[in-house]
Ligand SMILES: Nc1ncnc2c1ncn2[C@@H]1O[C@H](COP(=O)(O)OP(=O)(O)OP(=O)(O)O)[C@@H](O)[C@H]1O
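The chain below stands alone, shown as structure tokens; this is the form predicted alone.
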């Protein structure tokens, strides 16, 4: 019987285990939230660019170009706007359909126009149609339905690189060749930067460079707002504390330690939740965040290499061990105070039979470890009594890091490094 099977028991124990999540999907990259914190201004810009579709439908083929690095919400912004605009237009008696194409997959003109037809539910004949014939078929069907289409062309950089100037010209300026057509197809183009625009001819580039929306990386405060909103959707009440969200925001914010990548911030939060579930913790902790950050941040591997390959001096390692141990004693705080670290450093030196260095030298060690990227160090801010240096470690789970540092100290003391 399945119930007597060991495999069955394992599966049942995992399935029946309590979870911190109520909807993990809310943290996935393809999830489309109802709200876009800190992108209200850009939504308003898009509404202005596409307003003519409602006020003068069919007069002009409208378009916008969204530009920005990875993780700043380009695709989410385009999708949220397009679907909400279509609903708004519907209330005014104008039928607008949304087509969402990723040009990393559909890199040719034929692939793009056939994808448009497919998503709009337009059957194509079995015999091979040219891209122009497919476009005409799509347009004729929209004409028959008295409908419009907003076509999102995500990762448009790939389309330019693969298909070239003529294909871009066809998409963007196709109505120049059909002056009698009502303008029913409109575009939102998404690119990481404008470097690929140089690959098309000047006339086409001029068309592309109109109606540009540039997205910057998110700040720590902005990411905290985004994480708070998504955490409310994704987690059961009481399973994610404010300290966790603030720490992730600081690790990833453009004015913190990251590049302002919301996708990475949400990935860290999701993985931290996974670690909490795996351990049966019932609550996401700072240490779960460190474990998650180590997985998504390739810099973490380099830091561990610095420790194991003899790049740090003996007293830098002793100080690092002290930092780790202080941080391990703090479940809800991601940083240790300088005074706490110095006190623990003296205890570690006694443990390994070394004479501790003075405050000035210890502070130099802290600065050097920060420059090497091993630790995070910053002055204390508002809300903390007295001024001190706050020291954090996001490179790896503290238990694993502690083992590596202790091994490196013993190796150094035994003369194991050159």
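Since the model is a prediction, treat every value here as computed from it, not as a measurement. Residue numbers count along the first chain shown, from 1.
There is also a form predicted together with the ligand; it is not shown, and the following applies to it.
Exactly one listed residue, out of 69, 58, 379, 373, brings a non-hydrogen atom to within 4.5 Å of the ligand in the predicted complex: 69. Out of the listed residues 367, 51, 35, 359, 35 is the one that sits within 4.5 Å of the ligand in the predicted complex by at least one heavy atom.
Within 4.5 Å of the ligand in the predicted complex, a heavy atom is found for every one of 29, 230 and 262. In short, of 127 to 135, 73 to 81, 109 to 117, 199 to 207 it is 73 to 81 that has heavy atoms within 4.5 Å of the ligand in the predicted complex.
Proximity of residue 156 to the ligand in the predicted complex falls outside the 4.5 Å heavy atom cutoff. The closest heavy atom approach of residue 192 to the ligand in the predicted complex falls within 4.5 Å.
Shown alone here, residue 226 lies within 4.5 Å of the ligand in the predicted complex, counting heavy atoms only. Among heavy atoms of residue 266, some come within 4.5 Å of the ligand in the predicted complex.
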